[in-house]
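Form predicted alone, single chain, as structure tokens, below.
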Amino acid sequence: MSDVSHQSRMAAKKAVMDAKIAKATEERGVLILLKGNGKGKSSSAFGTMARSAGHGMKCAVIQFIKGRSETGEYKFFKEHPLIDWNVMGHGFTWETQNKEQDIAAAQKAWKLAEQMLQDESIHMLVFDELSYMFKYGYLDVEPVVEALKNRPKHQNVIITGRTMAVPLQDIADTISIVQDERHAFRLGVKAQKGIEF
């Protein structure tokens, strides 16, 4: 391809992109759902949160299932002045094997989440693995949808989990799917610091 042909194609592409950018004029927070059976949903959420904190925005995390506080992300962010990190779960259901304890933990975490969804000072919320609370029947989705709809206009929310309740998908602004094509664990590779936790 000649330089002239390439330049012509890029000029046309720029015109299309400029037109799309010009049409996007609304300023408000967004609801992002990160779903799918692949690895990296929480990591993506925390990366976006780091981006927000880098711009001086107050952020908060609620982990609805993970019960460990020795993960790399917790260790890295726990003392950051702009990030409020809350490990609220007791671990995965096959680890706890105590449904009543898991339901109580979910409801306690959701009470905190409700408060955060009314806090004008918080710009970014990450509700890590909230989606499982609906799948297992620990929380009703309707009050969550209402709280998300009524949050401060500028507030961004990211929810992670393999599956997402349809009412959440109906109100989401962005939905990304992380696919699993291969995983080292199935090849016999042990979970390791800095990769899985």
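Numbering starts at 1 and follows the sequence shown. These figures come from a predicted structure and were not determined experimentally.
Missing here is the form predicted in complex with a small molecule; even so, the following discussion is about that form.
Heavy atoms within 4.5 Å of the small molecule in the predicted complex belong, among the stretches 169-177, 7-15, 184-192, 20-28, to residues of 184-192.
With the partner removed from view, the residue among 66, 135, 58, 162 that has a non-hydrogen atom within 4.5 Å of the small molecule in the predicted complex turns out to be 162. When contacts are judged by a 4.5 Å heavy atom cut-off, residue 37 counts as touching the small molecule in the predicted complex. The small molecule in the predicted complex is not approached by residue 151, whose heavy atoms all lie more than 4.5 angstroms from it. The small molecule is not drawn, but in the predicted complex it has a heavy atom within 4.5 Å of residue 43.
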